[in-house]
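Before any questions on binding or motion, here is one chain by itself as structure tokens, the form predicted on its own.
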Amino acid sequence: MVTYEVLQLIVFPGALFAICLAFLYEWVDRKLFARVQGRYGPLYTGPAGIMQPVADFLKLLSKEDIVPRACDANLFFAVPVMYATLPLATLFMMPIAAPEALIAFDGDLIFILFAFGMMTLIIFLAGWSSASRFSAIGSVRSALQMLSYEIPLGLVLVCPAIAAKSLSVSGIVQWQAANATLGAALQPIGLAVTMVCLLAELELVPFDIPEAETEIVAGWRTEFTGWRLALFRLGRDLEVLLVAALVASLYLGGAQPLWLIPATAMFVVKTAAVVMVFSFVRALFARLRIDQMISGMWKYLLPIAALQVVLVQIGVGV
């Protein structure tokens, strides 16, 4: 007999719910991105094209799987699977249906930061294992991006933990509820820096440098086809959901019920708002060069992130 805990992990608020929500947010992103640029976006598959992400995923699964002759076969097989499963597993640490996540412990915020670093490492291995010049350039660019945004991101994400005196995402959500406040109101600078760094983590415009199609075809994804590319796209959608859930939890109060609105509905509304902000930024800005990205992160975002840590320390001391 299937236990209730197993159903939570698989159905709600588990893997199936996360995958469906990730596909929904891909549709929201594509639709809003197109409208900002005066286009239609997904239109025909399902009502208003809402089933287009699912159709694209299934189509890729049915495509021919081409393996480059000179690639590292073991890595070429493993990296798509790892890229899809890592964000899915990390989502279990996000409070989705209640103020406490399915997997919550003191230190899960550190594990989430570790997972972000591992996803970038997987991208590097994906490009490097492909034995392609375009993929190698994309993977190196991805590693360079990580070296530039990872420190400011870590500094600002630890600020809500300092204020709440907890390294657990669920603990920070519960602290905001107990104090009737939002992290965004207390740390607007941290929120802004977090959003910029997470755009770079997701490799979204203006930080889509590792996948620059006008320069290096598709970057580190150039040689991946069929089910491997489908898993990479699914992993990216799940990572977008993970990032949106993290911002919603640390700065927007997370999955807290409001009057008659249940916690899950509030979670969906808040994460959808974060995805829409990413879509607007993506539609309004052009791609940066890798040197502009690195110098901007080190010259501007790093000092601002350090200032945010000092301000939080002063506030907690007072």
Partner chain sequence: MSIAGEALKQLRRRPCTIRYPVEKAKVPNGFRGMPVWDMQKCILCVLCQNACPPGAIRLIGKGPDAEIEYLLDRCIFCEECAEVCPKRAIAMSHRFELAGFDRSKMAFRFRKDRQVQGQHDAPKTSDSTGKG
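Positions refer to the first chain, counted from 1. Nothing here was measured: the structure is a model prediction, and the numbers come from that model.
As for the form predicted together with the partner chain, it is not shown, yet the points below apply to it.
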With the partner left out of view, is residue 43 within 4.5 angstroms of the partner chain in the predicted bound form by any non-hydrogen atom? yes
Does residue 258 reach the partner chain in the predicted bound form, with heavy atoms at most 4.5 Å apart? no
Is there a heavy atom of residue 32 lying 4.5 Å or less from a heavy atom of the partner chain in the predicted bound form? yes
Looking at the partner-bound form in the predicted bound form, is residue 268 within 4.5 Å of the partner chain by any heavy atom? no
Do heavy atoms from each of 105, 165 and 167 fall within 4.5 Å of the partner chain in the predicted bound form? no
Which residues, if any, of 269-283 lie within 4.5 Å of the partner chain in the predicted bound form when only heavy atoms count? 280, 283
